[in-house]
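Below you'll find only one chain, the form predicted alone, shown as structure tokens.
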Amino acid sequence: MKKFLSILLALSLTLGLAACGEKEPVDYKGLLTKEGFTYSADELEDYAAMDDVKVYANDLPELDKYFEGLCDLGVAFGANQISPFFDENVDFTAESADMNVQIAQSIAKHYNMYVLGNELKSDHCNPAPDTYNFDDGDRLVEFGKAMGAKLRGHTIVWHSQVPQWWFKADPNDTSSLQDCYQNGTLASREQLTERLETYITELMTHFKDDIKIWDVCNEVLNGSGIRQVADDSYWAEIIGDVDGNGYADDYVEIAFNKAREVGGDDLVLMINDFNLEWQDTKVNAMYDMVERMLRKGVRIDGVGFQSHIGLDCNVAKYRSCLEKIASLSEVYDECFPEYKGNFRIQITELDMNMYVGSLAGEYGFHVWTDEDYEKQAQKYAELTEMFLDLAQEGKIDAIVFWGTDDENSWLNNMDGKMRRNAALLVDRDLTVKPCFWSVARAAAARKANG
């Protein structure tokens, strides 16, 4: 009887949707992958032995399935890379010879957490006073909902890709910020605070029901303390030490408090930075700043490790840095007992620079060998195993790759050096690399072993 009622209810809901003119949800991930995969370690070895497998192929297992029950697996991309999904002339679930469609399909197929690399940064969203552009963010939300993915908002406060007018007394001043600094025409503390809080209010009001994880502040630290003008950041210079406690990081506190006020208690609000994988002074500075703010009642829910690492990454050192920051959970639980257990680390911008050692200064084209790719696969496997150790301890809940494939990696033009890096799991022609299999293998083995 219960089964009959369940079927009747499902049928009535379907008919109700049809009557209202609403479309039934489409299982895009399922349609992009053939049925019957077991996602076992043994099955994986059969597929890993295949040559020239394309990342969008229907008969390739979904990478994120191997991580189910362990942590989320995410990817950052540009809004243009998901545009085929919105093209009415494209059958998104059909095989396509168009590489743009193939990349969009690979995003949908293999990942369950999405990040826009640039289009939710403040210079894109608030280019002029009273001007807001959330169109690309809206497309992220629509795409994410269709694919059943979680969304990360990156990033609200940064010293780069930020509207220059925010920092000027006269927002119409065309002078450089350096000239304004020298001429005494930077914005006042009150002006910059008001502009920041207004922007956060507009942003969070628009997205708070859809984007539940935010990098509120990004790269606020230099090697050992808060960024200053010499580090191309004007935040501390203008807002400074408001509470007189000797630290000029009050703009971080202002941003988190406003984001929480507008976004609500259920949002995950994080701080994100680079070089936390190895730089002790920065790790200590991050620990001290977050602890200080937690004890002041500023609820910071976690720290993002960007993880732009190299092939020569010291995994043991990386683990010790992760453990140090993860220990902030004790302070978090003490300060916010009603949210006990919510503090987390996320790997937010993972990629692997191959130009290390003797290749560090090389420019231009480099032919990567099978041996290079095997070394990369081994390093990615070591990292994945380490991440999953901490995931099973409740310390890491997401791993996000910074880019879809080697052609679409910022490392091809890092520091103005034009060169063909090979940083990600997928080659330029969208063939999965040995590291794709080594990452999947590490996760599959973890699940098999409990």
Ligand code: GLA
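These numbers were taken from a predicted model, which means no experiment stands behind them. We number the residues from 1 along the sequence you see.
We do not show the form predicted together with ligand GLA, though everything after this point is about it.
Novice: So which of 361-369, 276-284, 97-105, 156-164 is the stretch with heavy atoms within 4.5 Å of ligand GLA in the predicted bound form?
Specialist: The contacting stretch is 156-164.
Novice: Mark Arg344 yes when one of its heavy atoms lies within 4.5 Å of a heavy atom of ligand GLA in the predicted bound form, and no otherwise.
Specialist: So Arg344 does not count as contacting ligand GLA.
Novice: Can you tell me if Glu219 lies within 4.5 angstroms of ligand GLA in the predicted bound form, counting non-hydrogen atoms only?
Specialist: Because a heavy atom of Glu219 falls inside 4.5 Å of ligand GLA in the predicted bound form, the answer is yes.
Novice: Indicate whether His308 is a 4.5 Å heavy atom neighbour of ligand GLA in the predicted bound form.
Specialist: Yes, contact at 4.5 Å.
Novice: Hey, in the predicted bound form, is Lys121 touching ligand GLA, heavy atoms inside 4.5 Å?
Specialist: Within the cut-off, so yes.
Novice: Only one of Gly225, Pro84, Gly144, Gly117 gets a heavy atom within 4.5 Å of ligand GLA in the predicted bound form. Which one?
Specialist: Going through each option in turn, the one that passes is Gly117.
Novice: Of the options Trp410, Tyr47, Tyr39, Tyr28, which one has a non-hydrogen atom that comes within 4.5 Å of ligand GLA in the predicted bound form?
Specialist: Spelling it out, the residue with a heavy atom inside the cut-off is Trp410.
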